[in-house]
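Shown below, as structure tokens, is a lone chain in the form predicted on its own; questions about how it binds or moves come after it.
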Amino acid sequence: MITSFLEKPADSPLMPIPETAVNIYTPKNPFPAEVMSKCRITDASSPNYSWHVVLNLKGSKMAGKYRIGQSVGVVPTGRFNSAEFNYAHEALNNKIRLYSITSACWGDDWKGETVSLCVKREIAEDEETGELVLGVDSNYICDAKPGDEMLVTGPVGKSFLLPDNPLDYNYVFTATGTGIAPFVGMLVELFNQGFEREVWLVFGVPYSTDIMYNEEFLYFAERHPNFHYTTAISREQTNARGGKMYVQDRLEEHQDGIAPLLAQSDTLFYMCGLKGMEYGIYPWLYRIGSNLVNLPDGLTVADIQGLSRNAPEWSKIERARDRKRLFKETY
């Protein structure tokens, strides 16, 4: 368990939340951040290799200036960016990837001089040729060793932040996979500022070995009765109908507690992870009559329940969500 960044040291003053800044460093002017530490955050038996990587920002203009909910870009270098190594998919080379920031604005060091990322190795096969495809940036980051230098850009993003007065709201956080990253820092910021309202976290993964930061979330749950944490393990658990257990099924299972919360105008809903989460979560929101999602003209709740994932109506549904209360980062 990584406990050092969860609660402020008693002798360390709490820095104020910074103003939102973007693109302090660009691809033409990246910052050379040193890798300070890394640790595996999926179980050793998991087929998914995910790491918590801490970068040193000391001396940079980004130190103390990023917000949780933003992303950092990593400039791909090294062997995975080599045309010889990656000959089958050279289009993957030289593309900066964005990774959601995991650390609160105070960093893992509580001085704002570090930033941490949650990165999963991308390992796949080409559908046509069967050739191995390795993610250029993800494998580069996961291979990095303490002391290595990594070129970073950013921070990027303004639409997935906590509000300026975060202690005045309730929250429902939903995540799949590495989409869990921003919620780690959000919870750190909330609880270290004395958050006393309600917050739910529903985290979906395929296998129990894939649960990242589980001990950290349990640490908060044991100390804060207003934090409700549950997981949805799709390949190991079944929902009430006998199907696979997904995030929307856990939301439904706990809707007696969550639905009244969502009916309040001071409750915010955040969704981060694999694209497709909305296909299950939006219909559940319609079923409970939540005003986070409004019915587009010409559609009924029954129509939405049976929509296929490639249905054109989804674009109308997306435009009709309440963008002031429902925040989404899917990929």
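Predicted model, so just to flag it, every value in this text is computed and none were measured. The first residue of the sequence shown is number 1, and the count goes up from there.
Although not depicted, the form predicted in complex with a small molecule is the subject of the following passage.
Only one of 240 to 248, 254 to 262, 145 to 153, 220 to 228 places residue heavy atoms within 4.5 angstroms of the small molecule in the predicted bound form, namely 240 to 248.
In the predicted bound form, the small molecule sits within 4.5 Å of a heavy atom of Thr176. Looking at Trp106, you'd find every heavy atom of it more than 4.5 angstroms from the small molecule in the predicted bound form.
Not displayed here, the small molecule is kept clear of Pro163 by more than 4.5 Å at the level of heavy atoms in the predicted bound form. Among residues of the shown chain, Leu274 is one whose heavy atoms approach the small molecule to within 4.5 Å in the predicted bound form.
Checking Val205, Val199, Val202, Val74 against the small molecule in the predicted bound form, a heavy atom within 4.5 Å turns up for just one residue: Val205. The single contact residue among Ile96, Cys118, Val172, Met186, judged by any heavy atom lying within 4.5 Å of the small molecule in the predicted bound form, is Cys118.
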